[in-house]
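Before any questions on binding or motion, here is one chain by itself as structure tokens, the form predicted on its own.
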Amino acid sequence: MPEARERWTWRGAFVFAVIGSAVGLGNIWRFPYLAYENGGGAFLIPYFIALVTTGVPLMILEFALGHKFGAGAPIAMRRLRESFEWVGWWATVVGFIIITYYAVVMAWTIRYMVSAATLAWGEDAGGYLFGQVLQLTDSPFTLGGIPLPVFIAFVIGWVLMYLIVRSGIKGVGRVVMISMPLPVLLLIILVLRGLTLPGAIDGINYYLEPDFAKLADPQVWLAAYGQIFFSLSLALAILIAYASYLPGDAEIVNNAFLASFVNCGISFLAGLAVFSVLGYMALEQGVDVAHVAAGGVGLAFVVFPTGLGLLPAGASLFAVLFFLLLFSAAIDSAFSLVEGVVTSVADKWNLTRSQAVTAVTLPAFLLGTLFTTGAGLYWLDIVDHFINNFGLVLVGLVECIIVGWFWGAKEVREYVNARSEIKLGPWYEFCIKYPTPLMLTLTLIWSLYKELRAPYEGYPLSALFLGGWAVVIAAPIVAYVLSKLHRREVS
């Protein structure tokens, strides 16, 4: 007998889960630097426009799909039209690819929580990360060994994700009631500490000083749309899966607005925490803030640890809190990715929760071990770059066209309006059918142009093909094959 479909016990659990999925490492190490590079405070203008014209409409669209058809992405798309199932699997495969390496980044945060207690990186945070923690080799094709502490942290991360997702949607709901507010609380603590530091205001000024001339640069607008798209967990099968567990009378539009605006608020708050410490760091080192500003792995594991190590008091405490912040942001996003895949697999083959979780986590764990090797950072960087700039955007574009035009943007609007206090106007149909596909298409064109102009980060072309283009091309092929495998309808 198939298991009865679980339901969220109350609205807050669903909203917290969606926010937790959206609030990931990108909010902390990508948004602040992106804003700084693209006009500071002025960047918030295209960012907000992107949120309203793309982020919220696509989130509502995915909520509607999951809620109406009561299934994960593949079966929801199949129930829309049988030939569309492969698109749902495409989103699922992309989510699966991301979790294989995202779990490794989460392992780094666990590893660094231990290191932070003694500020083990000393005065050379870069050397500590690349030499001692990652044991980075000279090229992607020299794998090297697997650092034992990282691998242990990797196992711990996967055990936690397995237990959380296996506990079912009610178990996830209980977890997110703690794990989602935690990064907000930690961010507030770090902001309050950061603002008391000398030079903090200089850092905040660099972060938010508006440069309205930047608004004339198309790249700034593309960056804003890209950040909104990536940060809201769109086109990853997550939101469709979460919405499929909503009760029939669930609110949709309010939840989408609430989750998306809270996510963006947390991104803004993260910028205050990051740049207040960078301002202090610049003052202590006698350099300009621009000299210490960075994004991505460099910010989280090199620049920020260096800055925290300079604190006059409580350096170890705030370092531990920072990496606890990264871990709490990472784990919500990580188990949300797993949930999106598990829901798709369980719905397709009518598996029990335990069977589906095992079927997803075991191969993801095994594949992810590549990223724990000495060459892991290279492959992680390549796969992440291509899957985000091409895989995700392609899925979102196809999903938007199929649902907006074949189901009909008007039908989506009527469906959600019948279940929401906030009523969507004709603007919603316009956004789904025109601005959103247009901006996703332009983002793809721009990414392709940059890729053809110069090899990404100077990596060998063979590595870019194996870890980049081959992965992007294989994803829809695997998705199509999965859609053609025998299935049993969920009763």
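Treat the numbers as computed from the prediction; the structure is a model and nothing was measured. The numbering used is simple: start at 1 and walk along the sequence shown.
The same protein has a further form, the form predicted in complex with phenylalanine, not shown here; the description that follows concerns it.
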{"item": "Contact label in the predicted bound form: residue 467 to phenylalanine, heavy atom within 4.5 Å", "value": "no"}
{"item": "Phenylalanine contact at residue 231 in the predicted bound form, heavy atom, 4.5 Å", "value": "yes"}
{"item": "4.5 Å heavy atom contact, residue 327 to phenylalanine in the predicted bound form", "value": "no"}
{"item": "Partner proximity in the predicted bound form: residue 27 to phenylalanine, non-hydrogen atom cutoff 4.5 Å", "value": "yes"}
{"item": "Listed range touching phenylalanine, judged in the predicted bound form by heavy atoms within 4.5 Å, from 114-122, 74-82, 319-327, 332-340", "value": "332-340"}
{"item": "102, 275, 154, 301 - the one with a heavy atom within 4.5 Å of phenylalanine in the predicted bound form", "value": "102"}
{"item": "Contact residue in the predicted bound form, from 403, 264, 236, 87 (heavy atom within 4.5 Å of phenylalanine)", "value": "236"}
